[in-house]
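Coming up, as structure tokens: structure 1 and structure 2, two forms of one and the same protein chain.
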Structure 1
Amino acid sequence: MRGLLALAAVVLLAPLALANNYHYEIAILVGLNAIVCVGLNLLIGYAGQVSLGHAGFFGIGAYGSAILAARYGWPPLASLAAATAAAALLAWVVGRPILRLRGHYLAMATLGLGIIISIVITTEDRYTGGPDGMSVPPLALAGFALSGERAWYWLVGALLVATVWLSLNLIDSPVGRALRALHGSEVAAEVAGIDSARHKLLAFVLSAAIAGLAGALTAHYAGFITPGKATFLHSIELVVMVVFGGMASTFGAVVGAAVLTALPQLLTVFKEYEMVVFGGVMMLTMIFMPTGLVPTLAMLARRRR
């Protein structure tokens, strides 16, 4: 509970340090990435199931909401809800056979799923605009179009706190304990009476729905969407954020997303050496903090006490 209150305090006080719209834009991108990573952490960090295709669900949410709102005239709020449900439904359909796999076989299967979604989005240019992308109507709440970085900041901040609250409650529930048992040993969990297939599918569907929601929000916030957000590279970026912050740590997922989203902006002062410095920071962090940023810092703090 203290961690959740601290996160809410950061969201409330952060505008005091945000000097212009560019700073607000970075904060919004941090929040959207953090929402996806919190959901992905439930799957990777707690259930122990690797997904290299989560950007596909992000793309389904983004393009699903964009197509329904722009092509078919749906109210943006309804199209957002429908796109989130579509991402969850696809995860439920494909998750039943895919989650029977383990290890690198599971990773390859989710990778293939993400590539298929990316190809469909790129080639179905009648609906998606193809490689050129498509415009997305603004999000409307209670009849008012949501515009401006400050309004979007508060919406994304509130959804981030709500997502973290949902994750923490799920982890502390019997379902969360079952997920942790699966991560430790799937065979031992089944011997203890845990339905591994059902719990893995639940984590997969929930993480996909959260990714779809974040994708739809990203599309309406940007006002324009391209297939780049549904590529394999974006999936890897999301996984790296979770691992960097610390697997099986909800706040680690938030911190990992915040650091790896904001750090490239801060490193622009190095110009052509920006990516070299960025890679060096990541390498040093994982060498000296192999369990991730937040779990390592928490362990050091306990030792000092």
Structure 2
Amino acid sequence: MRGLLALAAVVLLAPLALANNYHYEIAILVGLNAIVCVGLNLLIGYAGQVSLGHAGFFGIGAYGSAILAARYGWPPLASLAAATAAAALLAWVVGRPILRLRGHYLAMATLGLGIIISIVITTEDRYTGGPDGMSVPPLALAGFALSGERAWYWLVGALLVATVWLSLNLIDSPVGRALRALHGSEVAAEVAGIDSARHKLLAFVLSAAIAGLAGALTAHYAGFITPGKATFLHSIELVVMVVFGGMASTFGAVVGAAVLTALPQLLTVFKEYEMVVFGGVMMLTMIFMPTGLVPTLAMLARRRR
């Protein structure tokens, strides 16, 4: 609870430090990525199931909502809901056979799924605009078009706090314990009566739905969407945010998303070195602090005492 209040305080007070629209924009992107990562962390960090394809679900949310709103004239709120549901539905359908796989095999299957989705998005240019991307109508709430960085900031901030709250509740419930149990020992979880297949699927669908929702919001916020956000590389970025911040730590996911979203934006001077730095950070974090930033800091703080 303390953590949640602290997060809410940060969201409330951050505008004091946000000087211009560009800062707001970064904050909004941080929030949207953090929402995805909190969901993905349920799957990877808590249930222990790797996914290298969540950018695919993000892309389905983004393009689904964009296409329904721009090409079929759906009201954006309805298109948002439908696209989120589509991401969840796809996860549910493919999740059953895929989640029977473990470890590396699961990683490969989700990777394949993500790449197929991104190829479809790039290829079906009649609907998606292909590699050039497409523009997306703004989000309208009850007739009012949601526009302006500030309005979006509060929407995303509120959603982030809500997502974190729901996630913390879930983790500390019988469902969350079941997820953590099957991560700890799948056979022991089964023997304790936990339907591991069902719970893995639940985490997969939930994380996919959240990624889809964040994708749709990102599309409407930016007003324009390109296939880049649905690629393998973006899937990896999402996983790295989760792992860098700290697996099985909801706040870790938020911190990971914040650091890895904001840093490249603020360090644009080093654009050329971005990949070298990003790759290097990935390797060093995993070698020297495999549990991630937040758990490592928490452990150090505990040792101090």
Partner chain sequence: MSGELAQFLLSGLTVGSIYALVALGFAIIYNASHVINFAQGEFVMIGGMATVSLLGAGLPLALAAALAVALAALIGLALARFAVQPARGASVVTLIIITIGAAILLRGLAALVWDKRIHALPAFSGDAPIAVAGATLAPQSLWVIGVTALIVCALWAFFNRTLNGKAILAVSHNRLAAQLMGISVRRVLLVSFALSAALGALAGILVAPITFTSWDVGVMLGLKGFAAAILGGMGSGPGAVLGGLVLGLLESLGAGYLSSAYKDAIAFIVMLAVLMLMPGGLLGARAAERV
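The term rigid core refers to the most C-alpha atoms you can superpose between the two forms while keeping them within 1.5 Å. Everything numeric here is computed off the predicted structure, so don't read it as measured data. All residue numbers here follow the sequence of structure 1, with the first residue given the number 1.
Shown as structure 1 is the form predicted alone, with the alternative form given as structure 2. Relative to the superposed core, residue 13 undergoes a Cα shift smaller than 2 Å between structures 1 and 2. Put the two forms on the same core and the Cα of residue 277 is off by 2 Å or more between structures 1 and 2. Core-superposed comparison between structures 1 and 2: CA of residue 236 displaced by less than 2 Å. The Cα position of residue 268 changes by 3.2 Å between structures 1 and 2 once both are aligned on the rigid core.
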